[in-house]
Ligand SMILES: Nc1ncnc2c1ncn2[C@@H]1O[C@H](COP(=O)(O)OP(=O)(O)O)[C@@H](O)[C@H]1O
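So this first bit is one chain, no partners, the form predicted on its own, shown in structure tokens.
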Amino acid sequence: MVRWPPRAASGNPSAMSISEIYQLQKVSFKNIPTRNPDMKRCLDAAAAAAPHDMTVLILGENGTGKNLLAQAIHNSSPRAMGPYIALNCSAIADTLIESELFGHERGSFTSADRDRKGKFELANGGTLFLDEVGDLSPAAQAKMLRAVEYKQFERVGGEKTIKANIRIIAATNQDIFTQVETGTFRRDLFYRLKEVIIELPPLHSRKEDIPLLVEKFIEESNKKYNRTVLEISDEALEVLIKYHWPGNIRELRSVIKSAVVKEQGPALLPERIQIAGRRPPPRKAPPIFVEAEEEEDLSLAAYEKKHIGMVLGRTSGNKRKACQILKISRPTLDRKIELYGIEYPGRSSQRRRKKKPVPP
């Protein structure tokens, strides 16, 4: 069993998102649980880079915790008291990326009814996290290049150059090295982002961390949903460890959150674990006891005769197949057929023999 004492929730847990819980906890390297050597090396590299104003490029599949690691770097840096601003670059259209990054002046386009600060300006004094930077179009990369290198820009429709005192952390799930070689990602921008490169391992290669992560996610879900789940059964944990986790840690968190909400007892059971493409195991039905009629033959020999006859019927009288199913030898099968006078397909009544006594 994986077990821990429940902790009292602070504030209104039902209204808190997981990201809000992380913000309250001030994520640090210490509360990113791992026993995996590769993950430990990633955390050591991030901790070494955190005190210095260097750009960090975090690589890894979706759901491996790139945003979480970026928050830990920010919280361990001299900028920890400043803002942490995150932008998902893949979610912004090319026509809006410049406004999102640098802001705009009132009247610069039709819907610009007021001045608006962009992410670079909002992150002043803190950290700007550019998630999925590998999804930026070449045009968007060109607009970002100067701002990343010189930390200065102009708002859309503005003429004043604004300087931003920020640290940039970027992340991508793309093979950015191939993108650079093929020209789909600007080499000069890549060089400015890669002062420190950290590549997070996928969850399927660090399965020794699953019990630690499950404990963390159950505790989070208990706080958020006001539950009191105390442990996960060994059977349920085995299900989680055997799964390949294409969605990585994000998928594991979702599965545990759903299981905690549904669980009524103190422990998570296998039937609460619902994974895409996998049905929960059915509960074992209690044995059904049928009352036999008084004149029914309940001897073991009667049941054996009936069972052998059923198997011979299923194999259409093929004794070789029947022996394989019954796991007995051919002489034993022939002896029992004669002993019980078993009829089966292909045996004529003229070939019946008298019953022979079974040798002791």
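Everything numeric in this text was worked out from a predicted model, so none of it was measured. Numbers for residues come from their place in the sequence shown, where the first is 1.
There is another form of this protein, the form predicted together with the ligand, and it is not shown here; the text below is about that form.
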Which one, 54, 301, 68, 328, lies within 4.5 Å of the ligand in the predicted bound form by heavy atoms? 68
Which residue among 49, 323, 32, 42 has a heavy atom within 4.5 angstroms of the ligand in the predicted bound form? 32
Okay, which stretch from 228-236, 82-90, 133-141, 213-221 lines the ligand in the predicted bound form, with non-hydrogen atoms inside 4.5 Å? 213-221
With a 4.5 Å heavy atom cut-off, would you call residue 116 a contact of the ligand in the predicted bound form? no
Contact test in the predicted bound form: residue 272 vs the ligand, heavy atoms, 4.5 Å: no
Please determine whether residue 253 contacts the ligand in the predicted bound form, using a 4.5 Å cut-off between heavy atoms. yes
Taking heavy atoms and a 4.5 Å cut-off, does residue 249 contact the ligand in the predicted bound form? yes
